[in-house]
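Only one chain is shown below, in structure tokens, and it's the form predicted on its own.
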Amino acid sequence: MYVTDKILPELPAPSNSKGVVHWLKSNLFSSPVNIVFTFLGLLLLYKTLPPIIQWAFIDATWVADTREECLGEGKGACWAYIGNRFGQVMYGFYPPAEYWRPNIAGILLIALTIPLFIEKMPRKVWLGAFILLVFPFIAYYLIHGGFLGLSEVGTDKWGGLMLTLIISLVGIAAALPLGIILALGRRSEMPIIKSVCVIFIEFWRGVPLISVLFMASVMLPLFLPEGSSFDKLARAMIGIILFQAAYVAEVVRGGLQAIPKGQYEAAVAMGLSYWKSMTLIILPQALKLVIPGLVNTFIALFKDTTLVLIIGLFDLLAIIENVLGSDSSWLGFFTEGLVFAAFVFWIFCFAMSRYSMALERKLDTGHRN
């Protein structure tokens, strides 16, 4: 028997347990059933992928001034259809001469957000608070105008991808803190607070979002004083925030229940108050556990913004379906518009998903075998 008191160096993995060949054997050819499904999948790709590539790229028309230039035998997708209406796809009915205003708001948001991803960046908390509490007002007054010489552009003219991003970002930023408060309230030992939170959460989770938007647009004005007006976009955003907060609350509640009871007892033993124990010990652990659920909820919110069409707001998909689709000068290219919208939604949803995975790996403190 060989015995040593020295730490031996790590040995490389066996040659037969790594590499492309090992991956193929383990994932695609590990059993007869997997082999059959692998060949069926390859056959499906062979039948569908080449025609799609031919239509979308090889035979596609990228630059054209009229629809006639896109028509003809053997021609593929007409992406010029999107290019000629790109401003409307991005900004809806926003005046073209004022495009620089939402552009500046977007660039400013990106510039403020980038430092949050730098690990050694100081005062991140203050920067995050500025983005959440101050920047929305700056962006609103910049895009809406009506002061300091900026012409007023009503929210009825907002649309396209700009409107989709505004509704999504505001909905996510407002629904998360409200959902956390509701989750804490549902676990409260005070009967009144717990009952109010339970009723609120179960009510909003039991109503379809399309009904919420319809009620916010049609019914809410009936309860306002006569002669008063309430912005349609604001009504929609309030409904979306309340609806989404109920789902966020249930996700966060799952994280709170997953925290061992010993963590609560340790906070009490240290003499921490309820809010200090929650903000310093419990919530950080709970939110780390529910990152996948939260991101899934935010992705659902991003896609559900397409429902605002029913109350007369034209987001990205609505612009393509109802405005570009009815343009007599570019009839016949509705498929290209839907493919473009699907690609844009996929890019944003995929980016959120990948970032959540990176955040999970960064915050992972569990033990791995």
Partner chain sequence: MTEHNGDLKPSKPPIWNDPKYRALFFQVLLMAGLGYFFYSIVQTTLGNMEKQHISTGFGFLSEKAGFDILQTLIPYSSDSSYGHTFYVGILNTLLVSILGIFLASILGFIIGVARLSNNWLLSKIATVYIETFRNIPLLIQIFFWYIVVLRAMPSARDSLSLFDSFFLNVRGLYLPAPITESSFIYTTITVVIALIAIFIFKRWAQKRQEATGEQLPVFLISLAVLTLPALLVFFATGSPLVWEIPELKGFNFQGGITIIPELFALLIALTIYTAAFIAEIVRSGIKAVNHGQTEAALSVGLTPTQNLRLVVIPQALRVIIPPMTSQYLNLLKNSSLATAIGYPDLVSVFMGTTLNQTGQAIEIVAMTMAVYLVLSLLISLFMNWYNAKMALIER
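C-alpha atoms forming the largest set that superposes within 1.5 Å between two forms make up the rigid core. Keep in mind it's a predicted model, so treat the numbers as computed, not measured. Positions refer to the first chain, counted from 1.
Below, we refer to the form predicted in complex with the partner chain, which is not included among the displayed structures.
- Residue-level contacts in the predicted complex: of A97, L133, I110, M219, one residue has a heavy atom within 4.5 Å of the partner chain, and it is M219.
- The closest heavy atom approach of F223 to the partner chain in the predicted complex falls within 4.5 Å.
- Not displayed here, the partner chain is approached by Y247 to within 4.5 Å at the level of heavy atoms in the predicted complex.
- Remark: C349 counts among the residues lining the partner chain in the predicted complex, judged by a heavy atom distance of 4.5 Å or less.
- In the predicted complex, the partner chain lies within 4.5 Å of some heavy atom of I210.
- Per the 4.5 Å heavy atom criterion, the partner chain in the predicted complex is contacted by stretch 190 to 198, the sole one of 137 to 145, 190 to 198, 102 to 110, 177 to 185.
- The candidate spot formed by F117, V170 and Q257 lies out of contact with the partner chain in the predicted complex, as no residue has a heavy atom within 4.5 Å of it.
- Residues F334, T335, L338, A341, A342, F345, W346 are the members of 329 to 346 with a non-hydrogen atom no more than 4.5 angstroms from the partner chain in the predicted complex.
- Shown in the overlay between this form and the one not shown, fitted on the rigid core, is a CA shift at Y140 smaller than 2 Å.
- Core-superposed comparison between this form and the one not shown: CA of V295 displaced by 2 Å or more.
- Once the rigid core is overlaid between this form and the one not shown, W275 counts among the residues whose Cα shifts by 2 Å or more.
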